[in-house]
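There is one chain below, alone, in structure tokens, taken in the form predicted alone.
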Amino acid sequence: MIGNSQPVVLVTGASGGVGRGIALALAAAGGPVWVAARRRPEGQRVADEVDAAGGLGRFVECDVGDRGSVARAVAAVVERDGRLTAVVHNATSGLSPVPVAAPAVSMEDLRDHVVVSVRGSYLLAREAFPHLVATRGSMVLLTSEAGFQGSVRLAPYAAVKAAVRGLARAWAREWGGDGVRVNCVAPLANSPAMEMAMAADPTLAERVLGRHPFGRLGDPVDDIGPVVRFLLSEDARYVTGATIMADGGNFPIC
């Protein structure tokens, strides 16, 4: 069991991309960072990177759409480290970057989006809530610009990301009296999912970067991870129900 002053954070979908960047940025706090993912080799690799970056990297297998898997993951964290101070839900459907015209979206594919983003948020909240109350902890849900403005041929992704923002607002109001904060981050970052989306839609890069103030995508470790780290810290103790646009000014409305 670790010291009471150190944060204990569970990050879902942390085996690569933005989730990996968040996990590595959280290593700066020096406490345990639990890399929750379905695939052990990739997840353990990121946990080892957290160790090398100064944190305590831990891997836990977790399918966020499965209630038993989420319960076991949270229990594993608490059993080993004695508490849970924060949850970051970054995992998204593997279909997220795949462009499909709305009439062609199957109900099975839509369900996959909902299971990972919406059901996953609920399951994590249910299991983590009593532990977050005990530590006056915090939850961060990853949303997207698509959840504000929609996104061409990515309707299911836009829908669930908007739903995640609604959950964060509702839980922030509901849990504030218990000392638990809930916020969202909407990143625009270089990641395997973004690379896949741009490869599938040759016009996407120009649509995004052509209007971007900085003319570049964010770095998951240096640009996105520190924003999440701030929201989980005491410096953000009066921030809840907010969505932080970590997108370099690409979409300024929040």
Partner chain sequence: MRVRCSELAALDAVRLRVLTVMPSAGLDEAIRRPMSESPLVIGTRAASGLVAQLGGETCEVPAVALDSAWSAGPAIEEWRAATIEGPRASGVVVAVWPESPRPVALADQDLSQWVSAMEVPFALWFAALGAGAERCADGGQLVAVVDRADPKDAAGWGAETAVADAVTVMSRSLAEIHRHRSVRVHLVTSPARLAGSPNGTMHELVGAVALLLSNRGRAITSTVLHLSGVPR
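Everything quoted here is computed from the prediction, not taken from an experiment. Positions refer to the first chain, counted from 1.
From this point on, the text means the form predicted in complex with its partner chain, which you will not see here.
- Of the stretches 69-77, 82-90, 97-105, 179-187, only 97-105 has residues with a heavy atom within 4.5 Å of its partner chain in the predicted complex.
- Taking the partner from the other structure, its partner chain in the predicted complex has no heavy atom within 4.5 Å of any heavy atom of V140.
- A158 belongs to the set of residues with a heavy atom inside 4.5 Å of its partner chain in the predicted complex.
- Heavy atoms of R136 never reach within 4.5 Å of its partner chain in the predicted complex, leaving it off the interface.
- At the 4.5 Å threshold, heavy atoms of L132 stay clear of its partner chain in the predicted complex, well away from it.
- No residue of the trio R216, L231 and A242 has any heavy atom within 4.5 Å of its partner chain in the predicted complex.
- For the partner-free chain shown, A146, G147, F148, Q149, G150, S151, V152, A155, P156, A158, A159, V160, A162, A163, R165, G166, L167, R169, A170, W171, R173, E174, W175 of 140-178 come within 4.5 angstroms of its partner chain in the predicted complex, judged by any non-hydrogen atom.
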